[in-house]
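First, one chain by itself in C-alpha cells, the form predicted on its own.
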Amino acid sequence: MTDLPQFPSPTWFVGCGNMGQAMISGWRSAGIDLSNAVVIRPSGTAVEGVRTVASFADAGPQPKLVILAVKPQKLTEVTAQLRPWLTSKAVIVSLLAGVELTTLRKHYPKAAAIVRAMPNLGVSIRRGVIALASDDADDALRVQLSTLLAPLGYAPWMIDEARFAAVGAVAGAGPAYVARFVAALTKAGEKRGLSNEIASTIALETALGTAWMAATTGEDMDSVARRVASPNGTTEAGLAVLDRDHALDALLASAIDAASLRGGELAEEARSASLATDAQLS
C-alpha cells in the first residue's frame, strides 16, 4: 500500500474559510493524518478534524509550513500578527487570490520559501485543481508539496505567475460557471414541463456523466459533441444556436477576462498595501 503523505510538523493554517476547509475535507477523506496541523482563526470556531485555536499564542511550536487562507484584504493585518512567530525555516503557501510572490516576499522576507497555490472547490472531493507557483522553492520542496497536494487532485507547477493566474481564472472560478450552466439546463427542463427535482437531477447527472466519460476515455469535447449530434438531428439544431458566431465561446471568454481583470486589481491593491506595510514592519 502506498504511504500517505504527512504534513510538516507543525503546520499552521492561518485562517480557514471555504477554500481552506475544502482542502481539509479532501485530506480527511483521503485518510491524511492532520495531527501535525493546527487552524488559527480569530473566531475559534472548530474545523472538523483539526485542532483549532483563536490566537497565534495558542498554536504551539513555531511552524515549518504556513498555509495562508485568509482574505487578501487581511494580509497586512495578519502579517503583523504572524511575523513574530516565523523562523527562517518556515515555508509560506499562500492561497490569497491576486497577491503576487514579490508582495508576499516583502511581507515575509525571512521565509525559507514562498509558494502561491490556487485550488478550486473540487479539492473537497479530491477532484480539484491546484495551480502552484514559486520563485524560490527548490526541487525537494516542490516534490514535498506536490506529494502533499496530490490526494486533492491535479496540482501542476506553473512556470510563471501569468500562467498561474490563467489557471486561477479558469479552474478557480470554473466551478461557479459550471454551476450556472447546470442551473440554466435545469431551468430549460422546467420550461419544458419537468419538475425541479427531475430537471435538476437530469442536468447534474448529464454534466457529471459527460465530464467523467471524457476524463476516463481522454476524448476531447468536440468529439463528444459530434458523437451526440446526429446530422440534421435535434442536438445539431441546438448546437447551431450555441455555436452561432461562437456565442458560447465569447460568453465564457468574457467571464474569464472579467475574473482575470479582478485578479489584477487585487494584485495592485496588495502591492499598494505592501508599501505601507514596509514602513510599518521595517
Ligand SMILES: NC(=O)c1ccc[n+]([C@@H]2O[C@H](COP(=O)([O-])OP(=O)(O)OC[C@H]3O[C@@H](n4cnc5c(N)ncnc54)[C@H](OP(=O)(O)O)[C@@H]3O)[C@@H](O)[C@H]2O)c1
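Please read these numbers as outputs of a predicted model, since none were measured by experiment. Residues carry their position along the shown sequence, with the first being 1.
Here the subject shifts to the form predicted together with the ligand, a form of this protein not shown in this document.
K.L.:
Since the chain is shown here on its own, which stretch among 250 to 258, 234 to 242, 217 to 225, 38 to 46 would lie within 4.5 Å of the ligand in the predicted bound form, judged by heavy atoms?
P.N.:
This holds for exactly one stretch, 38 to 46.
K.L.:
Given that the partner is absent here, does N18 sit within 4.5 Å of the ligand in the predicted bound form, heavy atoms only?
P.N.:
Answer yes; at least one heavy atom of N18 falls within 4.5 Å of the ligand in the predicted bound form.
K.L.:
Does D136 reach the ligand in the predicted bound form if we count a contact as any heavy atom within 4.5 Å?
P.N.:
Close contact is absent here: in the predicted bound form, D136 is far from the ligand, nothing within 4.5 Å, heavy atoms only.
K.L.:
Is it the case that G128, even though its partner is missing from this view, gets within 4.5 Å of the ligand in the predicted bound form, heavy atoms only?
P.N.:
Because no heavy atom of G128 falls inside 4.5 Å of the ligand in the predicted bound form, the answer is no.
K.L.:
Taking 4.5 angstroms as the cut-off for heavy atoms, does V14 touch the ligand in the predicted bound form?
P.N.:
So V14 counts as contacting the ligand.
K.L.:
Work out which of E190, E77, E205, D160 lies within 4.5 Å of the ligand in the predicted bound form, going by heavy atoms.
P.N.:
That would be E77.
K.L.:
Heavy atom within 4.5 Å of the ligand in the predicted bound form: which of L96, L145, L152, A165?
P.N.:
When the ligand is considered in the predicted bound form, the option within 4.5 Å is L96.
K.L.:
At a 4.5 angstroms cut-off on non-hydrogen atoms, which residues of 56 to 74 are near the ligand in the predicted bound form? List them in order.
P.N.:
The stretch 56 to 74, when checked against the ligand in the predicted bound form, contributes F56, A69, V70, K71, P72, K74 at the 4.5 Å heavy-atom cut-off.
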